[in-house]
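A lone chain, given as structure tokens: the form predicted on its own.
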């Protein structure tokens, strides 16, 4: 059977398995195993086990569960509540300021947790009820949190950037730096649209009487300042981790281990989480997400091995490379492919399946691999707030079940367009992603 036909059959089988609810790792593994056995015989079972184990037997992968544990310690503590209250102190009384403060809280919490779902859940539980109470439209309240949560996979430290770095053998520290400025740019674009949406809707002022609000100012200021003091140690830890990575003081695995320990210790000391139950929840959440990501990585490695063994990868890469088109047209085709893949698959799965195939093509077209990592990540961010998967949409729906899913979706779509605008800006001004890494790491 020729490689093209084999590739089509493998993709169809994979889509069928995922459509009936098979976990991604098991779908990838079973399709890969079936293809290898049918194509090359039962002897491939030996290589299956070796490849599965070998794909995870790398010290670099220690960074993934450690950063996840660090994020779980932050997400399971009241850090999101305190962060939200701190920003509300400064922006809550500005017209549209509460929604802007929610996006700011999402940006900072994304840096602390590195997880989009955790960011949406932690900030959304506090921000959505408060915005609705103050008269914000449901679409704006839900959309700004869903979009702000996506920043978790772009703003460093980011687990998806670690996976990209390992998959493509690029510098994780440089990837983190490359995502910093584009992450801030997206946050500013989100804030700009939020202001416009609030003014168009005409409902963003707090309904509390002026006298009542004035009577509560002192209490609010004192409480919010105390909340800010509790958040600051976590921010110092994240800043220190990034400094250690960028300055070459520690490897990603070492920095992740130190960050996980310090954030866990801070959660215990600052929020008195020394009882068994909260610690058990932190460890359970970290273990569950780590195992899921590691299984996807290992299964995707098997999938890539199967495609390569059957010459499917080489055939597809050769066909794309032989396209006699402008390199920006090629980049447009790749962006559409990534966007569609992000509609159906989680970011980690897309990265481990596609990045090793696309990187040689990107390099041949003279694109910067770190710039491309940012573009790829923003494409996957769009998938988090668009159907049919749209993980953040369902998290917001779970937080506020009385908001119609249609309102959540319509409120989120303009932010997806903001991300498309961000990709366009990166194409016209690639220095947005490459300037800071070049400055700090030559």
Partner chain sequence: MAHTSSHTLLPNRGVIGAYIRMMDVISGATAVLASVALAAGVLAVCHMIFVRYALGQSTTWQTEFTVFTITGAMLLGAPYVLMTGGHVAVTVLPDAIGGWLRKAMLLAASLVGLGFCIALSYGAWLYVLEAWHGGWTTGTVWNPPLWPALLPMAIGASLLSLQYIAEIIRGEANHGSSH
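Throughout, rigid core stands for the largest set of C-alpha atoms superposing within 1.5 Å between the two forms. What you see is a predicted model; the values in this text were computed from it and never measured. Numbering follows the first chain given and starts at 1.
We do not show the form predicted together with the partner chain, though everything after this point is about it.
With the distance limit set at 4.5 angstroms and only heavy atoms considered, check whether 19, 261 and 284 all reach the partner chain in the predicted complex. Affirmative, all three are within 4.5 Å.
Which is the contacting stretch out of 129-137, 150-158, 290-298, 323-331, given heavy atoms within 4.5 Å of the partner chain in the predicted complex? Comparing against the partner chain in the predicted complex, the contact stretch is 290-298.
Between 170, 253, 335, 354, only one gets a heavy atom within 4.5 angstroms of the partner chain in the predicted complex; which residue is that? Result of the distance check: 253.
Contact assignment for the partner chain in the predicted complex, among 240, 233, 257, 278, heavy atom within 4.5 Å: Comparing distances to the partner chain in the predicted complex, the residue within 4.5 Å is 257.
Taking the shortest heavy atom distance, is residue 391 within 4.5 Å of the partner chain in the predicted complex? Residue 391 belongs to the contact set for the partner chain.
Can you check whether residue 229 is within 4.5 Å of the partner chain in the predicted complex, heavy atom basis? Residue 229: no contact with the partner chain in the predicted complex.
Can you tell me if residue 411 lies within 4.5 angstroms of the partner chain in the predicted complex, counting non-hydrogen atoms only? No, residue 411 stays farther than 4.5 Å from the partner chain in the predicted complex.
Would residue 403 sit within 4.5 Å of the partner chain in the predicted complex, counting heavy atoms only? No, residue 403 is distant from the partner.
Quick one: name the residues from 13-47 with any non-hydrogen atom within 4.5 angstroms of the partner chain in the predicted complex. Residues within 4.5 Å: 17, 18, 19, 20, 21, 22, 23, 24, 26, 29, 30, 33, 45, 46.
Relative to the superposed rigid core, does residue 417 relocate between the shown form and the other one - that is, does its Cα move 2 Å or more? Not so; residue 417 is displaced by less than 2 Å.
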